[in-house]
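To begin, one chain is listed below as structure tokens, in the form predicted on its own.
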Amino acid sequence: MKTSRRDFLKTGLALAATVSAGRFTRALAADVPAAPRTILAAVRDGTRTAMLDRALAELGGLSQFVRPGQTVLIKPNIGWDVAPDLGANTHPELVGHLVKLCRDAGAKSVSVFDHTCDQWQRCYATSGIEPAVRDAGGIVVTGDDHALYRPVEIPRGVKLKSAEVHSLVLDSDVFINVPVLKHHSGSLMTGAAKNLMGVVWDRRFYHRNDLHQCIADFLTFRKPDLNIVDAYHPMVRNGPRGRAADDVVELRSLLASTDIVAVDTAAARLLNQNPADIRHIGLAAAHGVGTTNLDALDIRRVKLA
């Protein structure tokens, strides 16, 4: 049965927004903390590019992350050979705009890749991300060449003790993670942490050795410098690939934070999921790589229209 945006908002998003608003109000009434709290930008009801611009402004501007002469890696979802309206991949308009902003900030280079599930050239083309990146002055790199991966140790990993990681993750000055928010049949949700499965060579190891624990373990090796979650039209069922345009609901939302656990906690609520049910979120928090306590954050909730 088709889920309308109105129904979805009634059953989940509105409740989440009400709860968040209450927490935000209480946070404003609290004593001034000794140190600045991590910012979570939650922007809605704008175009993709306008919401990204506003989220970055709330975070202090892209210059907080990208400086002239630096090399930048942007990691979107490009896993599936499907069109943008199905919501399986990060939207090309968002990726292209981010590439342009990085170039405007003076980045020496801006590279984009994913280790795709479907045939990579078709994913890059059909998703619309390849032309969007090239038009914006970025570099499209394959994630399907084993020679581009290098072995690393993950000492704090419980299940994932080592991995072969794409060289762009290891060598780039700045790492920006840009997942699309969607349902996933195995992990319940694809968000910021799950998106990083696309930077390792052997994705199947995760599925054979406790998917959630491996997702959390990787974060002890490398966290992105910034996470931007594309929640404009999240897929709410039949993920991760989806079957039809009816699988997505238009929420016109975007989340951004340096805290990957916090942004996934907020993203789960947008998907009408209990963050506690998505094991890798709690496991990542237990590793100390972020927090599930949104009350501890400086939440910037912005409605553009």
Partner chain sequence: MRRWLKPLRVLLAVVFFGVLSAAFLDFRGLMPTRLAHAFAAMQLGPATLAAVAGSALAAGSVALLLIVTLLFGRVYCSVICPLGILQDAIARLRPRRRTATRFAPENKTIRYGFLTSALLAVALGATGVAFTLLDPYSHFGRITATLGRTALVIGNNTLVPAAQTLGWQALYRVPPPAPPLGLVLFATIAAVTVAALALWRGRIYCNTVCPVGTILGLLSRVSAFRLTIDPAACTKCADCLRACKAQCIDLRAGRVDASRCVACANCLSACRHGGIAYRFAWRRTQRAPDPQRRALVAGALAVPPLAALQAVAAAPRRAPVAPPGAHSATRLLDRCTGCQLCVTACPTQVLQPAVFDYGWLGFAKPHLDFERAFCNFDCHRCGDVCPTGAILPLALADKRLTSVGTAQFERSRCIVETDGTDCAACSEHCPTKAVNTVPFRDNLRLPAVNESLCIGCGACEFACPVRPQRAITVTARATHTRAAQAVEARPQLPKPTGDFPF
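Since the model is a prediction, treat every value here as computed from it, not as a measurement. Numbering follows the first chain given and starts at 1.
The discussion below concerns the form predicted in complex with the partner chain, not included here.
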Task: Non-hydrogen atom within 4.5 angstroms of the partner chain in the model of the complex for each of His97, Val174 and His287 - done: no
Open item on the list: Ala42 versus the partner chain, in the model of the complex: is there a non-hydrogen atom within 4.5 Å?
Closed with: yes
- [ ] State yes or no: in the model of the complex, is some non-hydrogen atom of Val169 no more than 4.5 angstroms from a non-hydrogen atom of the partner chain?
- [x] no
Open item on the list: My question is simply whether His212 lines the interface with the partner chain in the model of the complex - judged by any non-hydrogen atom within 4.5 Å.
Closed with: yes
Open item on the list: With the partner left out here, check for me: in the model of the complex, does some heavy atom of Gln70 sit within 4.5 Å of the partner chain?
Closed with: no
Open item on the list: Only one of 216-224, 231-239, 150-158, 99-107 has heavy atoms within 4.5 Å of the partner chain in the model of the complex; I'd like to know which.
Closed with: 231-239
- [ ] Scan 249-281 and note down the residues that get a heavy atom within 4.5 Å of the partner chain in the model of the complex; none is a fine answer too.
- [x] Val249, Glu250, Leu251, Leu255, Ala266, Arg269, Leu270, Leu271, Asn272, Asp277
